[in-house]
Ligand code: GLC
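Presented as structure tokens, the chain that follows is alone, the form predicted on its own.
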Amino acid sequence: MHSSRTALTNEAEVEALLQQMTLAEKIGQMTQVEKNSIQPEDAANYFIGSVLSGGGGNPQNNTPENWAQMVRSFQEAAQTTRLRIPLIYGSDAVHGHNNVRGAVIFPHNVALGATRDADLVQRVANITARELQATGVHWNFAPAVSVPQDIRWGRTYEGFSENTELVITLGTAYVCGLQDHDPRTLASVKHFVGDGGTRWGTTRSYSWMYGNWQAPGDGYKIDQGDNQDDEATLRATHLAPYRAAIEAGALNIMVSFSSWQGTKMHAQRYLLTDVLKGELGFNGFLISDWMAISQIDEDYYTSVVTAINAGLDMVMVPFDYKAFISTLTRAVEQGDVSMTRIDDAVQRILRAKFWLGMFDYPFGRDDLLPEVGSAAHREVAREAVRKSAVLLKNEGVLPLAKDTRLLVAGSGADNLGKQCGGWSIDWQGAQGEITQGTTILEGIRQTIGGAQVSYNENGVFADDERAAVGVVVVGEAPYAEGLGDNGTLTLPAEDIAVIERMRQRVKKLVVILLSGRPLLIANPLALSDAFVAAWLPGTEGQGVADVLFGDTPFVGRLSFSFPRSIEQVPLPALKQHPDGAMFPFGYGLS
């Protein structure tokens, strides 16, 4: 996987450009603004280094063409500045270019982990890069190389696995898939470090940030919490994927909202500067997470000085960029942040922009627009769905014969938004027809013909309607980040009721689970004859039908253990429990 293409040959150009820059131009490069908070002309006036679309940061009319125009307007403004330093536009394309209506949405990382297929993950990343470049976006805030140890965490699905070695294999494949192709797309390896190891109940609230829509709210219990591991555990479990990503050519790392031993990661000079930049030799740049430096201290000046001196090179402000710029300027003028630190930060940012080729080709690739959501791209997503589905139970029912009459039910059977999950068109995702794609029900109908399929979401059919086989698709409603923190991990009562209703009507019952993590499934498992963990498969529900009817075999293997009870959560509790997992890491029937 290792790429020789990250050989950095532009040091002389970086140095020459830095010598010409004013303090305002330098601090502008260190500033990243959310696109709704700045006009293109102000991006030029303040020499802004980066603009981003957060979850749902879409143009008014959300099409690939309008995305391309929106991004181009900022890049054109940057080209009018004195030094014509290109702006780099970033987006959370964490499972495909998932903010864009019509783009292909791949399975989330939790599913890709179950494929164990590094070549597939590399192809997924490359297609994502091509769809990003079609809209002028050069920077993807992915991959997450978190190693989730507590499945109650709302970001579990962003992690490939609970197992560090598997995260390393697939995380580096993803970095190479973005970066080792023409055009190069910058990976953002995240969230440094230990976000997957925070403790339940340790999320802090910040009175001075109250009301910000992404400050940790009432539902947050573990996201943005405190990792209390000793340093040896932190390094072995959580730091190792970053070492591998740097060796694979990573030039950007995003710092985590979380804390380590009580200190915010954005204030951790030891880990950011001594370990990451010193010991691991990272010569790219560090970006903050969304408004995260504001959590360091109630006094904004203190927060800015602490974060920049800790090693942050660019700050995702994301709203009030004028306050950030004036605060950092004052800190330099007062000697609280050295010019040496500023120059180091700007060198790192310019180094990445030169390496990406942005000085020669700042605008992305309009010629790739026809590829966005293309049949070829959807075919790879369908392959990922097939390879990620894990067969947990099968008592003589799968594969289904294509002449079988089926009853189909459940909240997830005909629900594109539910199979995509969070980070899909909007930050939190949504139910229903959020974009273009194929639901699982549509996939079943396309496989065997609609005449053989009777569907009712609630499993309510005419009295005499019976069938040899029923399929029920149930699971979690979409969520993202701390709003998905969940202390119970059980299916909703209405999902269980549909399974019980269907059990009465059919001889054999297949249950398909849509979820961003393992859930507690003893009850639905007992009611089923076959049980499939389909994760959050994205827009290509046909891939689920492919394995149900035996067009392709089940090959998925669990990248996360399924516990028997909440007493076996988090993972260390499961590993110590005498009963062991209900389904251990690596399990999967074929």
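Because the structure is a prediction, the values reported are computed rather than measured. The first residue of the shown sequence is 1; numbering continues from there.
The form predicted in complex with the ligand is left out here; the points below concern that form.
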Does each of Tyr157, Gly197 and Lys221 have at least one heavy atom within 4.5 Å of the ligand in the predicted complex? no
Evaluate Arg517 for contact with the ligand in the predicted complex, applying a 4.5 angstroms cut-off between non-hydrogen atoms, and reply yes or no. no
Would Trp260 show up as a contact with the ligand in the predicted complex if we use heavy atoms at 4.5 Å? no
Is there a heavy atom of Leu558 lying 4.5 Å or less from a heavy atom of the ligand in the predicted complex? no
I'd like to know whether Tyr174 contacts the ligand in the predicted complex, with contact meaning heavy atoms within 4.5 angstroms. no
Only one of Pro64, Pro59, Gly55, Pro40 has a non-hydrogen atom within 4.5 angstroms of the ligand in the predicted complex; which is it? Gly55
Looking at His266, Lys353, Arg386, Lys190, which is the one with a non-hydrogen atom within 4.5 Å of the ligand in the predicted complex? Lys190
Go through 127-135, 77-85, 336-344, 288-296 and give me the stretch that gets within 4.5 Å of the ligand in the predicted complex, heavy atoms only. 288-296
Within 425-444, which residues come within 4.5 Å of the ligand in the predicted complex, counting heavy atoms only? none
